[in-house]
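Just the one chain here, the form predicted on its own, laid out as C-alpha cells.
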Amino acid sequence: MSGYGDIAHLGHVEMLTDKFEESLDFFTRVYGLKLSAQTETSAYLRAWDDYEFCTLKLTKSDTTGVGHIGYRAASPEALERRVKAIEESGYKVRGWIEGDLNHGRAFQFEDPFGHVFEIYFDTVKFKAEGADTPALKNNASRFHHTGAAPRRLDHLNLLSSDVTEFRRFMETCLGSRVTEMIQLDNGRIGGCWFTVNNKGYDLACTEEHGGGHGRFHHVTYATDQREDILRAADIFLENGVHIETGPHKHAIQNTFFLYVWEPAGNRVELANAGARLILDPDWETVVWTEADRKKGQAWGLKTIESFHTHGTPPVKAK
C-alpha cells in the first residue's frame, strides 16, 4: 500500500473539556495518567510507559470532543513524503505549525468530516528523573499505582457519516491499512479499524448514529492484563465515575474492555488486547457482516444503546 510505513505510530490525542479541573482530576487521580506539564489552557499527560512527553493533551474549551490527532512519522524524510501526498490529495490542508510543548514542527490537515490531524517527527521524549526513574531501564518511567494506571496510549475512535470516504482519507494521507471492518447489508461500511504498524489498530472509525458531524467516540489506553481493568472498575465505582459498559470482550480485535465517561462527558476506554499483533505482511482484512454484529460482543452483556449514539460534542437540540 502506498505510504505504508511512513507513519510510525499514533502519538497523541487532544481532548477538549468544558470542565477542565474536574477532567484533569479524573485523568490524574482516578484514571492514573501522569502530568508532564501544564499551561493556562492545557495539561500534557502520559501513561507511565509512554516514551513521549505527552500522549493526551487536555485543553480548556467551551465544548467537548477532540481537538486534534497527532501521528509521529517514521523519519524526517517520511514526514516530507506524507506532506507531499496530503498536499496532492485534495483534502483540506491547514499547513505547518511551529510545534507544541511536546513536539516540534507539525503539518496539519483535515479529514472530510472536520477532524483535525497533524503529523510530526521531532518529538519531546520523557526523561525519567528522581522518583520517576524506573528499576528497569527499558521502561519509560517507574510503574505507579495511582488510579487505574494504564501502561500506554492505544487507540482512538472517531465518528463519521461516511466510513468509506474516511477510509480513503486514512489510506491516502497516512498510508494506513484496514485490519478489520464491518460490511452492512445495505452496502455501506459500518466501521473500519486502521493501523500504521503491526498493532491490530491505532484508530477506528464508525458510523455516526447520533445526528452529529465530525464527532469523537472515545480514546483508549492499554493495560497489561485483564485484572487491571477489573480493579479499575472498582476505582471508578468508588469515585462516582459513570461506567457506561463493560467489562466485556469485543469480537472485533479481541479486546477486553471497559468504557466510562469522564466528567465533561467524553468517553474513555481501558482495554487489554493481550499480545495480539498483525505480523502477516499480506494480511487480508477481516470482514464482519451485519449478521455477525447482531450476535453482539464475543461475550458479556448486550451493547448499551448509548454506545451507538453518544459522542462528543453533544448534538444541539434543534
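From 1 onward, residues are counted along the sequence shown. The shown structure was predicted, so the numbers you read here are calculated from the model rather than taken from an experiment.
Beyond what is shown, the protein has a form predicted in complex with a further copy of the same chain; the following relates to that form.
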- Each of A37, F166 and C205 near a further copy of the same chain in the model of the complex, meaning some heavy atom within 4.5 Å? no
- Message: Using a 4.5 Å heavy atom cut-off, which of 231-239, 157-165, 111-119, 78-86 contacts a further copy of the same chain in the model of the complex?
- Response: 231-239
- Query: Does a further copy of the same chain get within 4.5 angstroms of any non-hydrogen atom of E227 in the model of the complex?
  - Reply: yes
- Query: Would E180 count as touching a further copy of the same chain in the model of the complex under a 4.5 Å heavy atom rule?
  - Reply: yes
- Query: Hey, in the model of the complex, does T172 get a heavy atom within 4.5 angstroms of a further copy of the same chain?
  - Reply: no
- Message: Under a 4.5 Å heavy atom criterion, is V315 part of the interface with a further copy of the same chain in the model of the complex?
- Response: no
- in the model of the complex, which of the listed residues (F27, W261, F53, F256) lies with a heavy atom within 4.5 Å of a further copy of the same chain? F256
- Which residue among H248, R94, R105, H209 has a heavy atom within 4.5 angstroms of a further copy of the same chain in the model of the complex? H248
- Task: May I ask you to list the residues of 56-84 that have any heavy atom within 4.5 angstroms of a further copy of the same chain in the model of the complex, in sequence order?
- Result: R72, A73, A74
